[in-house]
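Okay, here we've got a single chain as structure tokens, the form predicted alone, with questions on binding and movement later.
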């Protein structure tokens, strides 16, 4: 009874923080002619309710794709249509064709914020609560503390409730988390279905697709491909195919219609990266303008090769030794590889890495907290653009205090608690004096935090030189990218040196 009461309090606290942030400004507020992501979401409701489904993804007199054209999978469009029906019932002016462009009012802002909160309540928050309740070998208070820290993660709150992302991240991440729960506890078909829904809601969920594929394939290998494993493989294939067919059925009537949706989902013509994003290509372009030097198709090939090679070792390890723990860490590694090296990355895509990092918060609280702080900092230029400085400072501070007090993170920096003991032992075979790794990591954390604080203060108090108007934004990207590269190496070390993955976890029958 006490557990349910405390978990309810945690959820209410998470909702309170979310709604408080939603009272602030949003993307593109009062900034015609394009406004921002808030207007994009409203415009999709306008399009889906006023036009036939065959016209949703096509350019036309009533659907100018240059003005926030729909560029997410069918489930996003269906969700927009559902919201549009509610909007039409409340006030048809909100979604009137053409005349509602740039519509802004307090009542409409309340409605739009409410749609995010309801989606959170229905999909993401229940998945977080169930995940934390299912954690084994920890006390009830630790489970509740884990849920509190995940629900207070500032990056997701600031983007969904402050910036107002042009697609509800809590929906796609919530479906992905339900998928993680399903496959981790041997509800493989339900887990696969949930993850397919995540992909069909937001195509960037492909960041998580290889770990799901490798984990499930590894399970099939363990069961034996001549027996139960083959049956499971067929069931999984049927589940995936059936779920995609159901989601895409209205767009399968004509070949050109299907191809047009795919072109909208994967707009390779937009370029290697967008805006100031803390990945390799944006950071490296400060020194060498890759987009101007290399042909477009070469850029695609290079990004594909770097992405594939960086995630390959972890995926092979997961396929050969499938375990829930290895699965979660591989989700982190692969998503981070996609963010750092793949083609056409947005700064908000770091949220796809942050979700699996939240899932390993209990295992490595110090490193997870550090990463989640950096992930929020990496979006600083976007948050400042939307006038979300105060909500950012308050939510980041609250999150850090919650993690520091719940997990005593500064006491969890030994080799064992950083999960680096196997790696350190291997190194000490050749360098016996290699005993200083925890101290190095502590010093790097201190340097990282001081740098982030100083850069934040410089960005909000100083004007950049006239010749370098993007100086502070570029520095934020550069510092964040260096941190992310360090984390990529760190998580891969954990994966590759964790020889006990398969033995310490429940055997897969």
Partner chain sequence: MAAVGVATGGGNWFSALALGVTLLKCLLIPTYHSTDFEVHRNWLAITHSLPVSQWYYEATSEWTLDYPPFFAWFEYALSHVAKYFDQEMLNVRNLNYCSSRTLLFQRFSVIFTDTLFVYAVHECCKCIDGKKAGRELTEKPKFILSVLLLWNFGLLIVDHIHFQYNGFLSGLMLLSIARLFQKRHTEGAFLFAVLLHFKHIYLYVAPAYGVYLLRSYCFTANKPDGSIRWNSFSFLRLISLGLIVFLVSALSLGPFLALNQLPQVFSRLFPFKRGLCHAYWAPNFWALYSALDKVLSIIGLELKLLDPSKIPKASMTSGLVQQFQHTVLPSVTPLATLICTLIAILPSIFCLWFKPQGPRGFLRCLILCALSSFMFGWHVHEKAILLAVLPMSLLSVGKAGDASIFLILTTTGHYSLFPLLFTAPELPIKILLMLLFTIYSISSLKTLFRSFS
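Everything quoted here is computed from the prediction, not taken from an experiment. Numbering follows the first chain given and starts at 1.
Beyond what is shown, the protein has a form predicted in complex with its partner chain; the following relates to that form.
Please determine, with the chain shown alone, which of 327-335, 385-393, 224-232, 294-302 has non-hydrogen atoms within 4.5 Å of its partner chain in the model of the complex. That would be stretch 385-393.
Can all three of 452, 459 and 470 be found with a heavy atom no more than 4.5 Å from its partner chain in the model of the complex? Heavy-atom distance to its partner chain in the model of the complex: none of the three under 4.5 Å.
Given that its partner chain is not shown alongside this chain, does residue 398 nevertheless sit within 4.5 Å of it in the model of the complex, heavy atom to heavy atom? Contact with its partner chain, yes.
Is there a non-hydrogen atom of residue 431 within 4.5 angstroms of a non-hydrogen atom of its partner chain in the model of the complex? No - in the model of the complex, heavy atoms of residue 431 and its partner chain never come within 4.5 Å of each other.
Report whether the minimum heavy atom distance between residue 259 and its partner chain in the model of the complex is within 4.5 Å. No - in the model of the complex, heavy atoms of residue 259 and its partner chain never come within 4.5 Å of each other.
Close approach of residue 141 to its partner chain in the model of the complex, 4.5 Å, heavy atom: Answer yes; at least one heavy atom of residue 141 falls within 4.5 Å of its partner chain in the model of the complex.
Of 135, 86, 265, 404, which residue is found within 4.5 angstroms of its partner chain in the model of the complex when only non-hydrogen atoms are counted? Exactly one residue meets the criterion: 404.
Identify which of 64, 442, 55, 50 has a heavy atom within 4.5 Å of its partner chain in the model of the complex; exactly one of them does. Flagged contact: 442.
For the stretch 86-121, return the residues whose heavy atoms include at least one within 4.5 Å of its partner chain in the model of the complex, in the order they occur. Read in sequence order, the residues that approach its partner chain (within 4.5 Å, in the model of the complex) are 106, 110.
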